[in-house]
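One chain follows as structure tokens, the form predicted on its own.
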């Protein structure tokens, strides 16, 4: 599903003393079938940007084209239900969205809300729960009984049960321990590769961007300042400085080596590649 922003502005609380320009003249085309990171300093407009993708926010000017639907400033959103089925948005701390008596009922709610019969919705919910790694013994539990990581997986399953073409995640690993965060990111990569879901992730974690993401979008004070491949992004550290984000450890180590006279290839992006390169150079000596 194609996604395009055309000269999008977003102004919060217009015509009031609290007016705030969150996005300014954003033109952007997001690649289909990729994992794209949206990064930037706090207040740069990341969440505002992604909330335009399923009509939670409407542009103050310009337009957002999602598939065959165009969201224009000043026009009432049409086919809202279909848009939100195709573009699933998972909020930061998505577990706060859980409300049903049981895990299974919560995940089945979305499909039923779109007119799917109860039996089919239940089977769809079970498949989604299996995908995110929730065991059958938890299906009849209250969502409140689960751990934080499990709650987040259930919330994501609730989106997946609606079979979206695009999955948008706002800081999906916030508050998780390193193992839980890695498991969550592995899940998103699997969804992207196996189910061909386009994944858009708002994040501050550059280690995740390095390991999992294909492309990077950077916002600065509501303006788009970069959109290219993740590799191109990591070859230009000045953009991380502008976004007030620390580079991944491997990039910082590479830079430290360069300052000490040891040039390492920009292709080296993992500890394993680094170890092999250092071992190779030692053998040559």
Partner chain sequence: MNNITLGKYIPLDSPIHRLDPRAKIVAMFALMICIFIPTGFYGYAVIGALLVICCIAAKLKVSYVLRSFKPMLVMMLFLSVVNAFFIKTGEPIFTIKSFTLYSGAITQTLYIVIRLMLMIVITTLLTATTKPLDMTLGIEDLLSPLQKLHFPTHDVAMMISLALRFIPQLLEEAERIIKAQASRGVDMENGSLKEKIRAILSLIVPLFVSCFQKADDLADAMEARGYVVGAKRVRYKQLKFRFGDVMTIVLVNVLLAGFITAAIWMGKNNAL
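Nothing here was measured: the structure is a model prediction, and the numbers come from that model. Residue numbers count along the first chain shown, from 1.
Missing here is the form predicted together with its partner chain; even so, the following discussion is about that form.
Annotated contacts: 174, 205 and 274 are all free of its partner chain in the predicted complex [non-hydrogen atom within 4.5 angstroms]. In terms of contact with its partner chain in the predicted complex, the residue from 71, 98, 166, 181 that brings a heavy atom within 4.5 Å is 98.
Between its partner chain and the residues 185, 213, 125, 159, the one pair within 4.5 Å by heavy atoms in the predicted complex involves 159.
Contact annotation for residue 138: none of its heavy atoms lies within 4.5 Å of its partner chain in the predicted complex. Taking the partner from elsewhere, residue 89 is found to have a heavy atom lying within 4.5 Å of its partner chain in the predicted complex. Interface residue remark: residue 54 is counted as part of the site for its partner chain in the predicted complex, having a heavy atom within 4.5 Å.
Contact annotation: residue 119 falls outside 4.5 Å of its partner chain in the predicted complex, judged by heavy atom distances. In short, of 31-39, 56-64, 250-258, 232-240 it is 56-64 that has heavy atoms within 4.5 Å of its partner chain in the predicted complex. Residues of 111-137 lying near its partner chain in the predicted complex, listed in sequence order, are 112, 113, 114, the criterion being any heavy atom within 4.5 Å.
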